[in-house]
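Take a look at this one chain, the form predicted on its own, written out in structure tokens.
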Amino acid sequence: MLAYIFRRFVYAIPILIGVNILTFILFFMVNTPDQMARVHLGDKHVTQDAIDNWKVQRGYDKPLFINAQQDATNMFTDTIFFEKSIKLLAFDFGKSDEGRNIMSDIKERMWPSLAVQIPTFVIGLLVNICFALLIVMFRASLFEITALTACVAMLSISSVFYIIGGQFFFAKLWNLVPISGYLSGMEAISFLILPIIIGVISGVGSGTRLYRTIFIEEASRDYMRTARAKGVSELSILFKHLLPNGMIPILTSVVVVIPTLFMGSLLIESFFGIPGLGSYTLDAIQAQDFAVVRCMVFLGACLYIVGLLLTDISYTLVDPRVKLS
């Protein structure tokens, strides 16, 4: 097991380097340091001296990859890529283009994101699995047709519709919860209720259909027919046989998501004014803050790799036949 984990981390190094390089290239394909300076200085008619001064202060006055003016030893190190991106591999995030410590911002903003994402993830998972089991239980009935129709309808509706509709009815019209904002401590609960509900509802359609497909495939196996032939009750079949054996494919889509929960949701955090990492990333994109964008993309790649590793490890817990070596 330890050897397998070590190999996976070794394999992750070239992936992270590739993500780092690709993010750097894509960002500077559509932005130049001069454009970034104009955005941050907030004046389209700013002088060239002010632009040059901004670039010098933030290290954007150097070449991107190769500094031909330096000798062979400093040709690749005295560049924007080396100073801004290579340090990410050591998780040295540095400062944003606005001068803020990025790691401090991440530590501060991850908690609001987790406060929204963890309840949404747990409640949504339970709701989707239970609803999918219920559909399988009443298979080939009017209930299944109605439920699947509702799932398709929910899939066809944009998440923005749920957000705006929820804010209008629950916050503005009925005054049950605040329309947006966030407070620390227990006072945050009133601001989190609506985003969590909307997050769960918006994922019911896709989640239920996925788990229903998994359970129906599992329900057609021989051990299920044998259990029914022995007179085992339908509830026992569903929860003692069908659900445990259907957990392996479910883990594929679930465990990989767990490490990325603290990255937050761009839409929900932006619409509800929650100061999490989702809104932090979106603000950085709008402000063309390359330092923050590259850190968040790199961090997302790291977490996704960790999620894949946790998925493989979780297989051994659910199915003893699976061995990692």
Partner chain sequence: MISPVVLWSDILIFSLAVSVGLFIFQVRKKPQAKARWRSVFESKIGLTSFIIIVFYVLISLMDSVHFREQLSQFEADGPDQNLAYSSEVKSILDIALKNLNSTTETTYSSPFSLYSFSKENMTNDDGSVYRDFIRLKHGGAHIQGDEERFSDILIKSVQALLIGLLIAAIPVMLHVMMRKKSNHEEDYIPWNVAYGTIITLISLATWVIILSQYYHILGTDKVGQDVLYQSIKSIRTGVLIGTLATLVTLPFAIILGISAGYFKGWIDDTVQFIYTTLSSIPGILLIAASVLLIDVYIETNPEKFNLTILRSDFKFIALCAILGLTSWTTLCRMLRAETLKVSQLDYVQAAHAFGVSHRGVIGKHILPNVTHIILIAVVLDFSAFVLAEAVLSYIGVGVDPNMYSWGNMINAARSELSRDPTVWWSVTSAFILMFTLVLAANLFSDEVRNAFDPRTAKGNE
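Predicted, not measured: the structure shown is a model, and the values here were computed from it. Residue numbers count along the first chain shown, from 1.
This protein has a second form, the form predicted in complex with its partner chain, left out of what is shown; the following refers to that one.
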Contact check for L89, I106 and I118 against its partner chain in the predicted complex, heavy atom at 4.5 Å: no
In the predicted complex, W54 touching its partner chain (heavy atom, 4.5 Å): no
Touches its partner chain in the predicted complex: S156 (any heavy atom, 4.5 Å): yes
Heavy atom of S279 within 4.5 Å of its partner chain in the predicted complex: no
Its partner chain contact in the predicted complex: E217, any heavy atom under 4.5 Å: yes
Candidate from G59, G300, P63, P275 lying within 4.5 Å of its partner chain in the predicted complex - any heavy atom: G300
Stretch from 97-105, 121-129, 186-194, 209-217 whose residues place a heavy atom within 4.5 Å of its partner chain in the predicted complex: 209-217
Residues from 268-294 in contact with its partner chain (non-hydrogen atom within 4.5 Å) in the predicted complex: S270, F271, T281, L282, I285, Q286, Q288, F290, V293
